[in-house]
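There is one chain below, alone, in structure tokens, taken in the form predicted on its own.
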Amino acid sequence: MIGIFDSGVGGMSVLKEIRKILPDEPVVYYADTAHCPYGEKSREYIIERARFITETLMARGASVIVVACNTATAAAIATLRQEYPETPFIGMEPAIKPAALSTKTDVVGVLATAGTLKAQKYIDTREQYSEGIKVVEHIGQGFVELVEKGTLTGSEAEKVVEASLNPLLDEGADVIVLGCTHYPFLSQTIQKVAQTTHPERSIQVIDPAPAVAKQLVKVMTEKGLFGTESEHSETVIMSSSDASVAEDFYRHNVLNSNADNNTF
């Protein structure tokens, strides 16, 4: 079984990509909505939550765990790998490299949480791949809250997105890196705002979730973790608060015909 967790429902953007290429593997997803968002919380707090969730997922049978949260990856994945050496962990990678290769204006914009932007992992990646380009950053203020309540489009979402996106576009960014797994659910609104406020420029939005799904397949292949043909591709949704909220979000924004059997 594949275990996946995030501070809330945002990590379902990664679950969605995993389901596209692994439709037959059982999955258990944990939304830590009672403690969401992680962005402003301390490293110690996030490690404590990540440890608890890891043990919860392992108790449900997870043999590989995807930390589908940029902030939790930066704060806790090294600790998790040290404390649970028999369990492979796949984390989120800052997508600076593909953005640097794609930009035509030599300006890359990064939308992320405060926790991600100040993490050493992000800083190191930015320094490694930003030679010859300008990287501009902004916290996606209110983005996580929008996604958690399911407000992905419409005037409210556009107003919130515009406030954080436009400073990057005003600097000349033509590639936007989404540095939080919640943010891909706002991609449609991000594109709409960009086209409305800067119609002269084609904007590319980079979602790291597909790359994470491919890395999961690679790790599971190397470790021999694929299930037998007799197993069912159930998706179990768990939450630290009202699981029905996460279940509803999953049904409306992730569930598709590739998932045979879904239980909650």
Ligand code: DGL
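Just so it is clear, the model here is predicted, and its values are computed rather than measured. Don't overthink the numbering: it's just position in the shown sequence, from 1.
This protein has a second form, the form predicted in complex with D-glutamic acid (DGL), left out of what is shown; the following refers to that one.
Residue contact with D-glutamic acid (DGL) in the predicted complex: Cys36 places a heavy atom within 4.5 Å of it. The closest heavy atom approach of Thr113 to D-glutamic acid (DGL) in the predicted complex falls within 4.5 Å. In the predicted complex, no heavy atom of Leu186 sits within 4.5 Å of D-glutamic acid (DGL). Interface residue remark: Val175 is not counted as part of the site for D-glutamic acid (DGL) in the predicted complex, having no heavy atom within 4.5 Å. Checked against D-glutamic acid (DGL) in the predicted complex, the candidates Val161, Val144, Ile96, Ala76 yield a single residue with a heavy atom inside 4.5 Å, and that residue is Val144.
Exactly one of the stretches 211-219, 48-56, 194-202, 62-70 approaches D-glutamic acid (DGL) in the predicted complex with heavy atoms within 4.5 Å, and it is 62-70. Residues from 90-107 do not approach D-glutamic acid (DGL) in the predicted complex: none has a non-hydrogen atom within 4.5 Å of it.
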